[in-house]
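Here's a solo chain for you in structure tokens, the form predicted on its own.
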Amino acid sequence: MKLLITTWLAALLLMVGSQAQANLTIEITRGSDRATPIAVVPFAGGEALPEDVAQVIHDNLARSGYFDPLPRGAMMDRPAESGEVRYGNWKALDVRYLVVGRASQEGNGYRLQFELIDVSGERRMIGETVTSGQGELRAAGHYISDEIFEAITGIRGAFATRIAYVTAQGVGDNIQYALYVADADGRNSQQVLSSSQPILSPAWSPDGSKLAYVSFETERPAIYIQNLATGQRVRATSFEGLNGAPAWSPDGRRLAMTLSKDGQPEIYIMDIGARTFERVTNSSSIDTEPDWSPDGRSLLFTSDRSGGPQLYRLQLGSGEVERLTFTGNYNARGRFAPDGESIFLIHRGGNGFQVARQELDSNRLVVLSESRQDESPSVAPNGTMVIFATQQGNNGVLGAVSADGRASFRLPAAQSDVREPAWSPFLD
């Protein structure tokens, strides 16, 4: 039995701000032609609960790009446990996997029992009883989705993670900016910061407890670090000139960033505890947008030292710099995949600015997104999806695309532009 009331989730409810207009609504724009057929049967007793957990699971699996969930209207029957499954019915519908379960209220919380069934093999793969507190049924659905995803694919699920993003509401000189965090599906949004000045580049600490970001609230850019549970924040940098693009080291002890305090924008590393700074690039060009390799031994960054924006890798031990991108004349905002074997970036080609993936061993670059004005990619901690900012008509929205480019969805907000997304690490 798993209890889903975690310290992190409980603390998050204490954050400054409130749920407001920044919940995002998922719009699936492209499904994968290789998606596996699966059916998530409505949980017996689930109609009495305030949240349809089976629908949460269905939606999670649908947007992953790995699964093609069967619509409820096409189901011949609705078993609640493996012993009630009529395998012939599901085989006739070409369903490969089946999720069944029961839901009930238990004291001040809820009890969820689920099973994952291999239809072709006519066997129960996994089953578990999950308890959930008040207001945590969606979290329970995300947890169950993660268990199902990993049991079938062998890849750890990332549905129980979070995203951070910035909204902008208003026109002209009267724009209000806000920094939010939300579930990975855009729900349960919580405001972290509100400002009449721009907010940029939110970045999660490796344990998911803090955000670093750039704020212009003092009328010049400064980097802040904010504790999500308490709302407490500190100003990490406020040098003359540019203070931007903070990126946490894998051990959480350092921040890479762009500073122009010594002239040209260069990459620096700040020791957070000691408040010391080390300059790690030194060129006559603009060096910016650092990202740490998963092993913490190198930095990926954008530089125009070759005449236009391209991606480079700096080995921190030796100081050696290697150019990584050569396809086209614009490649920027690089982000390592969690396994360190590829990078995701913004590439300008014939169709505008798009999210792309480049394998580091072969240097093969593949465009993933279909939109034309993409920016700020951020990779899910399991490497299966990339979230980014893009345009839908005149509005800024968040888009997401699978790492193979076969599936995509959008997360627009009802009343404001959305930008600057950042996907959290795993939160346990």
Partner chain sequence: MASHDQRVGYGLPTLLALLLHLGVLVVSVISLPASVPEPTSSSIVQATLVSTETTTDRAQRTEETRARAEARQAEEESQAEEQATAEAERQRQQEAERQSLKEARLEAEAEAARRAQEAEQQASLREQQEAERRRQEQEAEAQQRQEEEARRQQEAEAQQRQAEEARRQQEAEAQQRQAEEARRQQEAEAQQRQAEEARRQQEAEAQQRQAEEARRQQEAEAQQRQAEEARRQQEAEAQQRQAEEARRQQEAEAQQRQAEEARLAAEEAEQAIREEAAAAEARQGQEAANAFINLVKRAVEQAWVIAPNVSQGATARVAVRLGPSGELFSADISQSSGDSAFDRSALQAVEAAAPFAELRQLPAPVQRDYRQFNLLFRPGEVR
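Numbering follows the first chain given and starts at 1. All values derive from a computational prediction rather than experimental measurement.
One more form of this protein should be noted, the form predicted together with the partner chain, which is absent from this view; the next part is about it.
Undergrad: Can you tell me whether residue 111 touches the partner chain? I mean in the predicted bound form, with a 4.5 angstroms heavy atom cut-off.
TA: The answer is no: residue 111 has no heavy atom within 4.5 Å of the partner chain.
Undergrad: Given that the partner chain is not shown alongside this chain, does residue 96 nevertheless sit within 4.5 Å of it in the predicted bound form, heavy atom to heavy atom?
TA: Because a heavy atom of residue 96 falls inside 4.5 Å of the partner chain in the predicted bound form, the answer is yes.
Undergrad: Hey, in the predicted bound form, is residue 410 touching the partner chain, heavy atoms inside 4.5 Å?
TA: Taking the distances in the predicted bound form, the answer for residue 410 is no, it never comes within 4.5 Å of the partner chain.
Undergrad: Determine whether any heavy atom of residue 121 comes within 4.5 Å of a heavy atom of the partner chain in the predicted bound form, and answer yes or no.
TA: Residue 121: contacts the partner chain in the predicted bound form.
Undergrad: Note which of 269, 125, 75, 324 lies within 4.5 Å of the partner chain in the predicted bound form, where distance is taken over heavy atoms; exactly one does.
TA: By the 4.5 Å heavy-atom cutoff, the listed residue in contact is 125.
Undergrad: Spot the stretch among 183-191, 271-279, 103-111, 146-154 with residues whose non-hydrogen atoms come within 4.5 Å of the partner chain in the predicted bound form.
TA: In short, 146-154.
Undergrad: Looking at the partner chain in the predicted bound form, which residues in 25-51 have at least one heavy atom within 4.5 Å of it?
TA: Going through 25-51 in order - heavy atoms within 4.5 Å of the partner chain in the predicted bound form - the hits are 25, 26, 27, 28, 29, 30, 31, 32, 33, 34, 35, 36, 37.
Undergrad: Tell me whether residue 177 and residue 29 end up closer or farther apart in the predicted bound form, going by their C-alpha atoms; the shift is 3 Å or more.
TA: More distant in the predicted bound form, by 3 Å or more.
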